[in-house]
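One chain is shown next in structure tokens, namely the form predicted on its own.
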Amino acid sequence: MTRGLIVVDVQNDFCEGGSLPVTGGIAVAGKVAALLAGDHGYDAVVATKDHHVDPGDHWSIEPDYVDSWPVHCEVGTPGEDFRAELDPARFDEVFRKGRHEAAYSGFEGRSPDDASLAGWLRERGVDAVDVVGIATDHCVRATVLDAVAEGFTTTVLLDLCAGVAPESTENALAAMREAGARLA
């Protein structure tokens, strides 16, 4: 098997101190950085990034935290940047999502060369992926479900993820397991 790592949205706005913080986000950034600093054994390492210019109703001054959210990961702001712990040079490619719309799954993103995540992985012979990042119950969940639907053998590395809330995280884990993802 050729294995890839997908690092989901480990950005300033999703970590403590950001506009839409997830408790444990900074710790996840540190753990992912430590994994990538060593001999990790992955054939490909990619990252996804929320990358909003004007996503319409996805942003709201009165967010419902279901379909609308505070302004986050706005292009050109420090909130859109990866956490300082992560060295972007460790990523073989970055897939940006949500420029003018809501986007949760990394599989909705595009590379700077306009490649899809699924296509990019397949071109490199990747057939299995490990998924890590923020937030377990939103973008990690959506990315994992799409990875499974795209036919990739998919594992979620739980100690390298952070979720928003216990109940929604448990529901996300159940959905990922039911779809066929392995939780490790």
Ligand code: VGL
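In case it trips you up, residue 1 is the first one in the sequence shown, and so on. What you are looking at is a predicted structure, and each value in this text was computed from that prediction instead of being measured.
Below, we turn to the form predicted in complex with the ligand, even though it does not appear here.
Counting ligand atoms within 2.4 Å of backbone or C-beta atoms, the overlay of the ligand from its pose in the model of the complex onto the shown chain yields zero, and the pocket is open.
The stretch from 25-33, 119-127, 149-157, 65-73 that comes within 4.5 Å of the ligand in the model of the complex, counting heavy atoms only, is 65-73. Candidate site formed by Leu20, His58 and Tyr104: every one of these residues places a non-hydrogen atom within 4.5 angstroms of the ligand in the model of the complex. Mapping the unseen interface onto this chain, His51 falls outside it, with no heavy atom inside 4.5 Å of the ligand in the model of the complex. Looking at Ala44, you'd find every heavy atom of it more than 4.5 angstroms from the ligand in the model of the complex. None of the heavy atoms of Val132 is located within 4.5 Å of the ligand in the model of the complex. Proximity of Cys139 to the ligand in the model of the complex falls within the 4.5 Å heavy atom cutoff.
Residues of 1-18 lying near the ligand in the model of the complex, listed in sequence order, are Asp9, Phe14, the criterion being any heavy atom within 4.5 Å.
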